[in-house]
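This document opens with one chain alone, in structure tokens, the form predicted alone.
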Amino acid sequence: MTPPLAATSSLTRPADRLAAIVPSRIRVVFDLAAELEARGHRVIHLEMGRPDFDTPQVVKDAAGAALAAGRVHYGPNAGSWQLRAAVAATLAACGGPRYDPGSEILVTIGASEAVFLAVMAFCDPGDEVIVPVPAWPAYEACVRLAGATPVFLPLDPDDDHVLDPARVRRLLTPRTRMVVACTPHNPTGAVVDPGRLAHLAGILRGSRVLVLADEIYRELVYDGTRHVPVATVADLAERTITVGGFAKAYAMDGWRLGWLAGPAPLVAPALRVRQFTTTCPPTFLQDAAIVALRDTATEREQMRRAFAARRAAALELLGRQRILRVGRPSGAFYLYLTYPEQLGPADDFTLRLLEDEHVAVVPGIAFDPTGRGRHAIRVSYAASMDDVQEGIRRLIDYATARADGA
């Protein structure tokens, strides 16, 4: 019997929650660059937040040893106790809170899962989440998947895109459930100082608002800047869910390991979500991650210094021209550049830059759905020094040529 037309046409209709979920423009650029490379072109990759360094050898050796030892079976939903203890010790040693490994640390499949679990565990339809923009696009996507509403807070470029608690106050409503605080910040490199965190604490005191503190770039700070863990600020500890991971400072992006930390009442609901999604992190990778936390301080500092040198080189080149505007990032490994409107929308700008100059960067609209990113781009300096310098030179030449022809 032929099914009714309505039933047939609705067979592949996706869930309504996906209506506002668009493909990541970061990945779109990456895929277009891969197509160019498949045709024989060499592309300078300044689009991905991915260190160009290899994972430290001692970590890879530990993963191989774990595999050889048969560490290939299910583990605890929250991650191995040994890795949770290592994460807790690392956070405490870096000036963070002293978390209980048994109830206040959750090992995740990258920081991305940590964000997803936190939002799904605490945000209902009708709730609002304040997302400072420009921002990593996963925040908005996770909020929408939970049925909640993202409320965008524009960061001020004249204030180096640092979170302004006074602006947070103006957006608070009885429906506000969470505020995102990414520090050091993707995509601008801004670092929130202790004074502003204290101000935020005062604003949120007595409310039901949680803080989602994305601190995956916490080790990547420059020029004497000090990263202050959000949860160490008085009155924020009880309401802060901290996200971290191995992808950036440890050059372990493909390993997909991260963590979520916070008071037990905030971690337990996230664990309930995890039990019925990814179940547990890979066992043998966790053994290697313990080694990464314990035995790679030298390699991590070498990488941080390399990022600092590339940052300085990029800023020096950009300082010689006046078309592309950039602040001075204090952390992470990104530059967020703005340019005059006559150079055209960022989607077209980045596409032409990739096609004509074989340089891949990300359009600012990927990070700012309010429209303020229409004339902005993100550049990652997590590439070799040669590629960073050559890529920035080509970018400057391309922008200059567009400005002259506008």
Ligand SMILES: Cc1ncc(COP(=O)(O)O)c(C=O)c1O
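Residues carry their position along the shown sequence, with the first being 1. Note that this is a predicted model, so its numbers are computed, not measured.
Although it is not shown, the form predicted together with the ligand is what the next lines describe.
Within 4.5 Å of the ligand in the predicted bound form, a heavy atom is found for all three of S112, D214 and R256.
Considering the ligand in the predicted bound form, the lone stretch of 134 to 142, 270 to 278, 90 to 98, 160 to 168 in range is 134 to 142 [heavy atom distance within 4.5 Å]. Residue in contact with the ligand in the predicted bound form (any heavy atom within 4.5 Å), chosen from A247, V291, C123, L153: A247. Taking S330, N186, Q286, T240 one by one, only a single residue has any non-hydrogen atom within 4.5 Å of the ligand in the predicted bound form, and it is N186. When contacts are judged by a 4.5 Å heavy atom cut-off, L197 does not count as touching the ligand in the predicted bound form. At least one heavy atom of G49 is located within 4.5 Å of the ligand in the predicted bound form. Not displayed here, the ligand is kept clear of M303 by more than 4.5 Å at the level of heavy atoms in the predicted bound form. In the predicted bound form, the ligand stays beyond 4.5 Å of every heavy atom belonging to L220.
Contacts between stretch 169 to 184 and the ligand, counted in the predicted bound form as any heavy atom lying within 4.5 Å, involve C182 alone.
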